[in-house]
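For reference, the chain that follows is the form predicted on its own, supplied as structure tokens.
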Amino acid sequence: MSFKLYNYVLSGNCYKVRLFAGVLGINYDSIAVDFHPGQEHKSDDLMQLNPAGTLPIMIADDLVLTETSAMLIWMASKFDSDNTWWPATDAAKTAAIVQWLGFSSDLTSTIGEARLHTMLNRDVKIEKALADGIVALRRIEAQLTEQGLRGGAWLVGESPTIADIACFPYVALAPDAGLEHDDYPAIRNWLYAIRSLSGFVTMPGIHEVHELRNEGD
């Protein structure tokens, strides 16, 4: 196995790693963690690996990673021989990707938090989370619309990058928090394009393309 992943099936952040591994065709050892209601991510063993008490956790040989963006960069650097997902030699493009990696954290703290409130009754400031989530969706819609005018379908450049992988889950899962995609045509096209990638894998709440067609989406 290329790495070990401690993850929770309903976590959008954990799904980013599973999705990218599927797209890259990477085999790995997945270790399910009882996040809810078991709170296993707060156990002594996992807190030793990640004192922040968050998921996912990746272990590759002696390397322990606890930030999802770092995991995506590591995977792209190690397994993407074409250097398209993380074009490290293109300074402008990598800088743009890093900005979207940072923005993906905003999606977690807005849409992700609102989703936890809806699904697991997490105590959050739900009105603020939803309002900020709408702002985040509008920003992505604006970027994708601008990219579309240039003939592109992705957040950065002419092909998918880890920026798309990082932002996809919580945008796709926004309806779980009550934020529908009806008013965001560019986002809907982008979600469809990612679902159409070879090696795409699903999670609860995110379906394959043929399932969307069956539902008439």
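In this text, residue numbers run from 1 along the sequence as written. Given the structure is predicted, the values throughout are model-derived calculations rather than measurements.
As for the form predicted in complex with a small molecule, it is not shown, yet the points below apply to it.
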query	finding
Joint contact, N13, G53 and E67 to the small molecule in the predicted complex, by non-hydrogen atom at 4.5 Å	yes
Among the candidates A136, A76, L116, A129, the residue which, in the predicted complex, approaches the small molecule to within 4.5 Å (heavy atoms)	L116
Contact segment among 25 to 33, 147 to 155, 183 to 191, 54 to 62, judged by heavy atoms lying within 4.5 Å of the small molecule in the predicted complex	54 to 62
Any non-hydrogen atom of T94 within 4.5 angstroms of the small molecule in the predicted complex	no
Non-hydrogen atom contact Y170 with the small molecule in the predicted complex at 4.5 angstroms	yes
Exercise: T108 in contact with the small molecule in the predicted complex, heavy atom 4.5 Å	yes
In the predicted complex, R122 touching the small molecule (heavy atom, 4.5 Å)	yes
